Structures are given as C-alpha cells and as structure tokens.
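Before any questions on how it binds or moves, here is one chain, the form predicted alone, in structure tokens.
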C-alpha cells in the first residue's frame, strides 16, 4: 500500500499500525488508530504535522486524552501522540514559563509550586495537556488559560507563528482556533506566573485538590462532559433531571457529579454516546436547555 510506504519513509520505526487508543485516554475507552506516531518535542511535532499536511493525510492530535471520547471503531488516518515536554522557567519580577504542548497541565502547576511560583494553582486538578488547554481555554476553580497566556507558539500552513492571547479570542471553553480560524497545531505556550512561596502555592493546590476529590468521581471518567449553560451548571441540570447514577452498558453518569461520566469496566464508546444523548434529551425536555458537549468526539462514528 503506497500510503503505508510513504508514511514509513517519513517516520520510519516511529510509525505504529493498528494501535488501540483506549490506554491513551483518561476514560480508557476507544478503538484502534490506523497509524500512530509519537512525538517528543515541539520540533518533532511541527515536522510531523507539516509532513502530513504535505501528504494530504488526515491526522488527529492526542495529548492527555482527558477531553475526548474515541469511537470503538477507531480513528482512520494518523494519530499524533504528543509527548513534547520541555519546560523553561524565567524568574524575576514578572516570572513566566515557556512550556511545550505535550506537558500535562497539572504537572506544570505542581512544578511551579515546588519553585514558589504561583498563578496556576487552579490548574493542579486539570488532567489534560497544555496544547489542549490552549486550544480550548481550559479552566477550573475560577482560573482559565485566557488569564495567563502571553502567547501561543503555533504551526500553521504558513509556518511557525506566535499568536498573542488577544488573537486567540478566548471565550468560555473556546478560542478562535477551536472555532476554526486557522488550521493550526499548538507547539508551545508562554504563561505568566506570580512570585510566591512554596508554602502559599502548595496550600492553595491542596485546597483545590481536596475540593476536587470531594466533588468528582475517582477512576476512569470523563468530565466535564458538557459546557455549563449561561447562568447555570450542567451537573445541576442533569441531577435535577434525575439522571445521576443512570447506566447504559458499563457507562454511568456519576452519582457523585452529574457532569462526569464513568467507565465501569470495558465500556463501549457507543454506550457513552447514548448516555450523552439521553442526558441532552432529558434536560431539554425538562428545562428547555440544550447541553453543549465540552468533550470532543473523535474517530469513526
């Protein structure tokens, strides 16, 4: 097959075929990718994306796998597994950090804490990568990427570009990138920090982590499944519709938090999607509110 030969010529032994994606997602759900390529630096990521654009082959970016639902039928084309993890701290009166897009956001927040650098305490409970966070304006506990991003280092079809935060036109869990303003891959980002003490930052992180454990389910899960509608909370609406604890197959709407969907073991993506559609239907019929997905559906449905 010419496509396989062309891919092998570009990626060599890094190209894997027919790779199950479930282990690479936080929900542990998902079928096989036709091809998977792991990248370990922003340069490798940019080169991989450029090659695939030139070859006119579709590809999907996968980082922490925390905000995606991958079909059990899998993903056609190529999945780029982003493991670009370089971090550079810049100390001084106005500290900041340059971080590659494959770094897990919660890990970055804890590294900041160890250095007495604050500002990202809210992100200590965010399981996804910097790339996904920049793309979707991730947030928690009142903080969000829009409040800290200085610029995003992107690869577009024009080449490598730096987009200041204003150009990303951030909104609630969205950006100009997410709205399709440009075909782009997030390579890295520079974020503003604050000088603090190790103790101050660590205490805040401990408080946020305790709140998360008290209000969100442990184990393999996806959440937040839906965006919060204006002036309300998706979890509250799902709870009020009487859906907490509802199961289809081994997929369950968490009894702890209605906006988290739990994998109770060998769960099919189609069962999770059926549960998504049930929640949307019941909430709309009960309250007249359409719940918009925050989690992205990936693969062949």
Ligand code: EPU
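The structure presented is a predicted model; accordingly, all values stated were derived computationally and were not measured. Residue numbers count along the first chain shown, from 1.
What comes next is about the form predicted together with the named molecule, which is not displayed.
**Q** Which residue, 192, 216, 202, 209, is the contact with the named molecule in the model of the complex, using a 4.5 Å heavy atom cutoff?
**A** The option sitting close enough to the partner is 216.
**Q** Using heavy atoms only and a 4.5 Å cut-off, determine which of 220, 196, 87, 140 is in contact with the named molecule in the model of the complex.
**A** Flagged contact: 140.
**Q** Within 4.5 Å of the named molecule in the model of the complex, counting heavy atoms only, one of 30-38, 46-54, 239-247, 271-279 shows up; tell me which.
**A** One stretch meets the cut-off, namely 239-247.
**Q** Each of 135, 161 and 163 within 4.5 Å of the named molecule in the model of the complex, by any heavy atom, yes or no?
**A** Not a single residue of the candidate spot has a heavy atom within 4.5 Å of the named molecule in the model of the complex.
**Q** Does the 4.5 Å heavy atom contact test between residue 170 and the named molecule in the model of the complex come out positive?
**A** Close contact is absent here: in the model of the complex, residue 170 is far from the named molecule, nothing within 4.5 Å, heavy atoms only.
**Q** Is it the case that residue 63, even though its partner is missing from this view, gets within 4.5 Å of the named molecule in the model of the complex, heavy atoms only?
**A** Answer no; every heavy atom of residue 63 is more than 4.5 Å from the named molecule in the model of the complex.
**Q** Does the named molecule come within 4.5 Å of any heavy atom of residue 233 in the model of the complex?
**A** Although the named molecule is absent here, residue 233 would touch it in the model of the complex, with heavy atoms inside 4.5 Å.
**Q** Using the partner position in the model of the complex, report whether residue 228 sits within 4.5 Å of the named molecule, counting heavy atoms only.
**A** Yes, residue 228 lies within 4.5 Å of the named molecule in the model of the complex.
**Q** Counting only non-hydrogen atoms and a 4.5 Å cut-off, give the residues of 244-261 close to the named molecule in the model of the complex.
**A** The stretch 244-261, when checked against the named molecule in the model of the complex, contributes 244, 256, 257, 258, 259, 260 at the 4.5 Å heavy-atom cut-off.
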